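Shown below, as structure tokens, is a lone chain in the form predicted on its own; questions about how it binds or moves come after it.
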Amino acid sequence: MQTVLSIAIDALAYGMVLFVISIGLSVTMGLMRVVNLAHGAFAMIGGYLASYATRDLGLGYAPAILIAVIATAIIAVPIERLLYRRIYGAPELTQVLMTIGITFCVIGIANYAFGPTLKTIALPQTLSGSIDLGFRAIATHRIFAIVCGLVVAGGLWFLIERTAFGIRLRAAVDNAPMAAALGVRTQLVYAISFAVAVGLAAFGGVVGAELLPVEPYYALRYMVTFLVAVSIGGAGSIPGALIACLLLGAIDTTGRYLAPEYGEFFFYLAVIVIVTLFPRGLGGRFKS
């Protein structure tokens, strides 16, 4: 029973962290039609900035998260304007080459500025302990990661389905030229959406540092994982991404608990099976 509960909690926490990071990529691919392989690089930037804020500046965990999210979003604005806008509508191979190039540049700059070492983010006492259930203690940080995932999912759903910006966003997704003709500033919608997506990546990079360690080649190590989560869930689908991340998190965590010698075998086996059964993903673009 304890093993089952441990697997369940770790799988749920891992799935939620994967969702918080990947949902930004899902929005980017669903809206801008860009295969953004550099998405993990922005999660890496967030982790590096949070580590610097806590270790070198002596700031608390909450201010470190704010700094990581805001600074990463600010960094992303000129990158979107100068680089990403040039590949909107470009062939997928061009997008892949551009975003892989951005990934390697981010890795090089980050490691030069902060050093090529594993980055730790100090947790506050409220998150570094555990909650005793009597028969099992659960790490408080795992609960925090789960709550963060639920808040992000609910917040994004509300933003897209219940706000004026969400209406403009969905209009741009369905028919950008028509939306622009009706007065929607599609370029501004793209820029804001990209900044939100990158901010979520940075947030996930910080919150998930205990599960996905922030190391020098973080962006490359998890690049395929994030892309797989989006592909399985369906680009632009919040429910699809959430289901895909929870499913993949459960499979990967269970495999690592019960058969660690197989590594990521069960994760990618599940990917092959799901893609075979659902070639279009588990969800559609921005469907409620």
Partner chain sequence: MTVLMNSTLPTRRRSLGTLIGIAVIIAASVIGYFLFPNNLALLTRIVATMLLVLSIDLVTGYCGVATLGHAALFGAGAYGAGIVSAHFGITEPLTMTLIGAVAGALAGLVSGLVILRAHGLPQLVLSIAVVHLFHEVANKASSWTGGSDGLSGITTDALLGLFEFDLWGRTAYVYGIVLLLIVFVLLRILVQSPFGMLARGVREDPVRVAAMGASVHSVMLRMYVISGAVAGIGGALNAISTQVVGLDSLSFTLSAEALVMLVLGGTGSLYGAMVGTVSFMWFEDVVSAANPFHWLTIVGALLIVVVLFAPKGLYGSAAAFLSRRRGGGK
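Positions refer to the first chain, counted from 1. Quantities reported herein were computed from a predicted structural model and do not represent experimental measurements.
Beyond the structure shown, there is the form predicted in complex with its partner chain, which is absent from this document and is the topic of what follows.
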item: Proximity to its partner chain in the predicted bound form, single hit among Y88, Y217, F165, F144 (heavy atom within 4.5 Å); value: Y217
item: In the predicted bound form, the residue from L247, V224, L66, L59 that sits within 4.5 Å of its partner chain by heavy atoms; value: V224
item: Location of its partner chain contact in the predicted bound form, chosen stretch of 174-182, 191-199, 98-106, 152-160 [non-hydrogen atom, 4.5 Å]; value: 98-106
item: Proximity of E92 to its partner chain in the predicted bound form, heavy atoms at 4.5 Å; value: yes
item: Non-hydrogen atom contact V77 with its partner chain in the predicted bound form at 4.5 angstroms; value: no
item: is_contact(L83, its partner chain) in the predicted bound form, heavy atom dist at most 4.5 Å; value: yes
item: Contact test in the predicted bound form: S237 vs its partner chain, heavy atoms, 4.5 Å; value: no
item: Contacts with its partner chain in the predicted bound form, stretch 235-273 (heavy atom within 4.5 Å); value: E261, Y262, G263, E264, F265, Y268, L269, V271, I272
